[in-house]
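Just the one chain here, laid out as structure tokens, in the form predicted on its own.
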Amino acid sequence: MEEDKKMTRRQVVTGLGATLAAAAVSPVLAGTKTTNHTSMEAKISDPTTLHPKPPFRSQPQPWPGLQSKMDPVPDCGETSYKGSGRLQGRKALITGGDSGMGRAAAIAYAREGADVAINYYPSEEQDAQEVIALIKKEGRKAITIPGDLRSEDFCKSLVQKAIAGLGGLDIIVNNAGRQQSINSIVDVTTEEFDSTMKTNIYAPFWIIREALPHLPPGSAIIGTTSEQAYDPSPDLYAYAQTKAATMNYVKSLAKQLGPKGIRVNGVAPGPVWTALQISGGAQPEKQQMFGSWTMLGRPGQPAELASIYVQLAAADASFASGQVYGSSGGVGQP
């Protein structure tokens, strides 16, 4: 009976202590919850008015073009992308990292905690240095490796320089592309066809083959394909073929490398405002009205695809492989 009383008193004391502790903590928790809710509140935006709409002025540039000279200048997330540590400690190589989707991916990766090496054509140095400054501002390693992807020897050295500069490699983004709008196949020269194939198909092959022995399980390979892989335009005869090939190598390599723990995925943009368009990638009249045919009445901006490249590289997408993620304003596939 005495023991029962002791137990009852012990239970009362314990219960009282728990109640007092809860009372002391709950106001703090309640305040924290309210504060977090307020600070985390997302701002909603109308996508039809979020970015510039055509018509755009005619602004041809020689290939490969500089986005810093475009009007409007493409938005690659320079001021808008906010990171959250999703790629902390990762090491990425991005081709075409000076502009467009490659630039958007490079900025996002750095803000997510990754060290980044970018490749670009030597004449794009001005745009590339802007990217390097943004990467370094995040306290991450920034490696520049300019050169011509149409050279097998350069592609091999590109990988080795990236590994040496970054101290390893676990993300590859094959983004650089050549796109030239030519109305008739009879006007496509062998030299032009060869340049497109080597830039868009051969280079990823050379890069992946060279890098593969160095990629640990958990690595990610991402290819930039296009809606052109599914719905090719008549004036992009050569380019569209390469994007279909990119989609295919993504699915093939995913099957081959999955057992090794390496994921392979692709991003398929629709009409996105990049230097491709003003450096021969679109006929003048199409360039001026570029993206007007989408459901949003405008082209996409590279910044609007940055989070896709992050998602496909991040560890929490560990079950995504052999996938192609589309972003086309409601008109393209997949």
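Numbering starts at 1 and runs along the sequence shown. On a predicted model such as this, the values are computed, not experimentally measured, just so you know.
Absent from the display: the form predicted in complex with nicotinamide-adenine-dinucleotide. The rest refers to it.
- Between the options 147, 168, 113, 218, the residue in contact with nicotinamide-adenine-dinucleotide in the predicted complex by a heavy atom within 4.5 angstroms is 147.
- For the candidate spot formed by 172, 249 and 321, no residue has a non-hydrogen atom within 4.5 angstroms of nicotinamide-adenine-dinucleotide in the predicted complex.
- Picking from 77 to 85, 174 to 182, 210 to 218, 133 to 141 the stretch near nicotinamide-adenine-dinucleotide in the predicted complex, with a 4.5 Å limit on heavy atoms, gives 174 to 182.
- A residue is said to contact a partner when one of its heavy atoms sits within 4.5 Å of a partner heavy atom; residue 290 meets this definition for nicotinamide-adenine-dinucleotide in the predicted complex.
- Within 4.5 Å of any heavy atom of nicotinamide-adenine-dinucleotide in the predicted complex lies no heavy atom of residue 204.
- When nicotinamide-adenine-dinucleotide is considered in the predicted complex, residue 101 lines it closely, a heavy atom lying within 4.5 Å.
- Interface residue remark: residue 306 is not counted as part of the site for nicotinamide-adenine-dinucleotide in the predicted complex, having no heavy atom within 4.5 Å.
- Using a 4.5 Å cut-off on any heavy atom, the residues of 267 to 304 that reach nicotinamide-adenine-dinucleotide in the predicted complex are, in sequence order, 269, 270, 271, 272, 274, 275, 276, 277, 290.
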